[in-house]
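Encoded as structure tokens, the following chain is the form predicted on its own, with no partner shown.
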Amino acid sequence: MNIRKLLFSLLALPVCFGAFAQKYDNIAKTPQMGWNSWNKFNCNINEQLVRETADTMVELGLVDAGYIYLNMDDCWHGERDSLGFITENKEKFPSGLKSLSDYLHSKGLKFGIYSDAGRKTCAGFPGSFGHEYQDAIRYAQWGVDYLKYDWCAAKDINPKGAYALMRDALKSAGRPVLFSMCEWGSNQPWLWAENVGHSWRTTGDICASFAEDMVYDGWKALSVLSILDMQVELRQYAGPGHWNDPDMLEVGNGMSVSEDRAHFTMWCMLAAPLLLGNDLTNMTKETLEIITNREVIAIDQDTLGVQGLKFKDDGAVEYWFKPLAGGQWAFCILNRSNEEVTLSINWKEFNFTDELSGLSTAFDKVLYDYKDLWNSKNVGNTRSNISVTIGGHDVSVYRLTPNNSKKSKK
């Protein structure tokens, strides 16, 4: 009888099983924004935490700022039932994940969940290997909008096949889901996953350290700067609907204010997913100001969808550009050192054509007005050189807008 019920339930699905060559379209046209539980809470998640986080995201204006996904990471799992379908941990989620999903949707949020392509998740709970279609069905029943799909316990599993299989399972279940591949860049997913996932991790795990990697029991967590360096050669693989993912944000998890500001800014310059990882119910005013700076967020969410480039570095100082829609540019100076630096900016030295976008800064021909996005003030235009002072482990970032009523006299 149970098998008969299962067959009837499968036949009732809105889309039949089969091979699908494409992921869901019209998702993540700009990098996804939201919150994930792992960086701060690890396995210590439950229904109360998720509901309180959802309430806080609404109350503090984070949803209005674009953070629409609330994602539970590892450790929500119960056991599989007699038919092999996954269940939630009843002690942690007594109302059930369908009820929790309905609550998030009522708040204007989307519901994200976590699984693993291997036999176990990284925390040792049931993975999706061998149960991909069952899990996709269950996620659709729960109203899931986002799946982070990890790569633990994946010995002898082919990553291209495993991730394509879950993509097909999600498509079969009939509910549009943002598919976030968390394969750590081990098999260079940027070379093959454009039609599989909406984003793919490019590195191992981040830690709340700006410049120094951290070693824990034989495995290494990467600093902000280490991860940043690993993105420089990957920009050609990113674009609307398929983003390089340098891991979740550590803003608000113990770094200095300047380091948090620099971390957040560089992820925006990278057109990276912006997934908060701090305790939103208990954060400082400075943290809130960083993560809700809409002018910096707009760099990340720009519709042109081009990842930024490192134009040059002078030792510890790096100069980054990101082409934006409408002929605009984001210009960022990163100070990797601990010491304050004062710089003189001669705009002519930054004349170049970006081979990826085909756009040129043309400072010798175009006059730009520019705005300092962290001080929220219009500074001037590119007719004159400027002097900039930047603290240690900090950034300055500007939005450059062509002044079409004026032509450069340079």
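Numbers for residues come from their place in the sequence shown, where the first is 1. What you see is a predicted model, and the numbers here were worked out from it, not measured in a lab.
Keep in mind the form predicted in complex with ligand GLA is missing from the figure; the text below concerns it.
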Proximity of Trp38 to ligand GLA in the predicted complex, heavy atoms at 4.5 Å: yes
Cys182, heavy atom within 4.5 angstroms of ligand GLA in the predicted complex: yes
Partner proximity in the predicted complex: Tyr114 to ligand GLA, non-hydrogen atom cutoff 4.5 Å: yes
Distance check, Met248 to ligand GLA in the predicted complex, heavy atom within 4.5 Å: yes
Listed residue that, although ligand GLA is not shown, lies within 4.5 Å of it in the predicted complex (heavy atoms), from Lys171, Lys322, Lys148, Arg261: Lys148
Partner-contacting position among Asp302, Glu318, Glu88, Asp205 - heavy atom within 4.5 Å of ligand GLA in the predicted complex: Asp205
Listed range touching ligand GLA, judged in the predicted complex by heavy atoms within 4.5 Å, from 72 to 80, 224 to 232, 93 to 101, 272 to 280: 72 to 80
Members of 104 to 141 lying within 4.5 angstroms of ligand GLA, judged by heavy atom, in the predicted complex: Tyr114, Cys122, Ala123
